[in-house]
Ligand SMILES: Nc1ncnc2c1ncn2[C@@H]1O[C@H](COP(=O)(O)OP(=O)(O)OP(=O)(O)O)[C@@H](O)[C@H]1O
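Before any questions on binding or motion, here is one chain by itself as structure tokens, the form predicted alone.
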């Protein structure tokens, strides 16, 4: 197994009297795609929020590339290369596909608001955006306003924006929710295009997708890690069957 890129050590979280995570120990290897599944309320989104810096754990540590980043916020982690997507698209609908991608590329360089017309940095980010578009499903449509895209296309653009900077770590929360089977396949093709350079944690209720595309699967149940292993190991895991899989995917 490759060296670990992200370590979650003893992660616990609670909101008032409700404990949503209990002592989670999980390591994600560089270059792997880890599926994170479990019933509603299992703690999946809470774990992504802690990994991405949108919330801090009540107990435990988050280590990225052997550095303790537990106290760093989301923007600092993004600059280190931890990118997070959400269950709803977070695009700028009034801007073109090209400018949405260009802004994402500028953000990771710390200059998201330095949109000086004619600047070298602006030209570079837009040229990179054009290259991404030319090799994507949006080929020839870079000037189209993002708000004019269908729901599925907006979700695909949102994923492409996350992939654009080629971050070391992608945290994806239901990236294919609401998509058709073809759109979901297109989304996973985009993810696979970055597989060699990015590590991904994928939260999804689509078990077919998880078991087909993920190298390992972690099963959460009631805030605890019920199972962890390859897709085949998780299929056979009695605790995973009880917690979530039922008769199997």
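Positions refer to the first chain, counted from 1. Every value quoted in this text rests on a predicted model; they were computed, and no experiment measured them.
This protein has a second form, the form predicted in complex with the named molecule, left out of what is shown; the following refers to that one.
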(request) State the residue from 218, 42, 214, 191 whose non-hydrogen atoms include one within 4.5 Å of the named molecule in the model of the complex. (result) 42
(request) Report yes if any heavy atom of residue 205 sits within 4.5 Å of a heavy atom of the named molecule in the model of the complex; otherwise report no. (result) yes
(message) Is residue 240 near the named molecule? Define near as a heavy atom within 4.5 Å, in the model of the complex.
(response) no
(request) Answer for residue 174 alone: is it within 4.5 Å of the named molecule in the model of the complex, judged on heavy atom distances? (result) yes
(message) Please tell me whether any heavy atom belonging to residue 46 falls inside 4.5 Å of a heavy atom of the named molecule, as the geometry stands in the model of the complex.
(response) yes
(request) For the heavy atom contacts within 4.5 Å of the named molecule in the model of the complex, list the residues of 17 to 37 involved, in sequence order. (result) 18, 20
